[in-house]
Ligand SMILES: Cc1ncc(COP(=O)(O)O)c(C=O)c1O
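As a starting point, one isolated chain is supplied in structure tokens, in the form predicted on its own.
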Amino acid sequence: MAPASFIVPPGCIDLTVNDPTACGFVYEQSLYAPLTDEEPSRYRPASLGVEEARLAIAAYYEARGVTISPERIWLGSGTSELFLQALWLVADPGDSILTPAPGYPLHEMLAKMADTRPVEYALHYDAGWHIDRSSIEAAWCDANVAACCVVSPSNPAGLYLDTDSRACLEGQCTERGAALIVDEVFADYPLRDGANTFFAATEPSCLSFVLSGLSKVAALPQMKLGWGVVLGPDKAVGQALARLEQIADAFLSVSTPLQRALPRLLEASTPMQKSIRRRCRENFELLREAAGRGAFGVYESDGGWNAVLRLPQLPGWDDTRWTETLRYEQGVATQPGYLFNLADPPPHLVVSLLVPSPTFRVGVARLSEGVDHFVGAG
């Protein structure tokens, strides 16, 4: 059962939905035809993934101007599994893993599941998000750092890893013999043209793992297939792939029919991505316009499916009070910022940009009216 703080009452507009299959997007039924072909009925075990699936992923990157050898790609049931496999490869129990804050709490949880210790470094906002250099320098002082995790664009902040930050992180990982793990599941969803970059566009100086998958790339969270790309110096890459093959062989988690269907699923992702980008951009602009007229603010974002709101500082009003008051008195559900390690002050809320625009518009109007009212009353 969901905690009381996350129950959405009847009649409440839910601005927390991050499931594209529940947001009114149209999926072609022909999309699922390859899953029922006769050939996939045969079991074809392949530790790193069947050849046609890895070729399809290489083609996905090629279409984005990035050349990847299929031999550097390995498959899993999703990025969570791949993240764990990368940690098992590079870290010993008790080692530290650097994770961004604010950020999606999953990486911290997975680090703990791998018997490693998550250590936060900060993303700082100053007219835009960026990695706080002093924070990450302090994080590197922690003993036995095995890997640094980067999310590009970050969730919910929407920060793409820029050239300067990338050079800084690569240099630190290379110097300390640590790995860089880059989660770029939202990379195809910039909120403005030219904002997105793909990490694999250039070869890094340190051992690196780039993770993505169908959940976001094709908006198919029910299709459990993710992939990782191993990059870096040839010797380190070769050793990593040899060990990953052993780790992946213990799982063989991705079904043969799904791997065989991957070329078609990735091909169909292009129109779906256009629809999602269009909606997210429209909703983000609507949110910015509402903030310009109201008492709340919106942090600028480069990409992704979420947006971070900045609420007025009122005595006794934290993330939880704002969230619950807006939900039960204004009929609009949002996520409290503390779920993403968004530090107070000020109070923060997070909303999904996937919500159908007419519904999103009404929800934002309720939110804005509520904030104005409670600020005036306070």
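We number the residues from 1 along the sequence you see. Since the structure is predicted, the reported quantities are computational estimates derived from the model, not experimental observations.
Same protein, other form: the form predicted together with the named molecule, not shown, and the subject of what follows.
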query	finding
All of 106, 155 and 186 within 4.5 Å of the named molecule in the predicted complex, heavy atom check	yes
In the predicted complex, segment of 194-202, 261-269, 125-133, 77-85 with a heavy atom within 4.5 Å of the named molecule	77-85
The single option of 151, 73, 244, 90 touching the named molecule in the predicted complex, heavy atom within 4.5 Å	151
Contact residue in the predicted complex, chosen from 215, 165, 275, 255 - any heavy atom within 4.5 Å of the named molecule	215
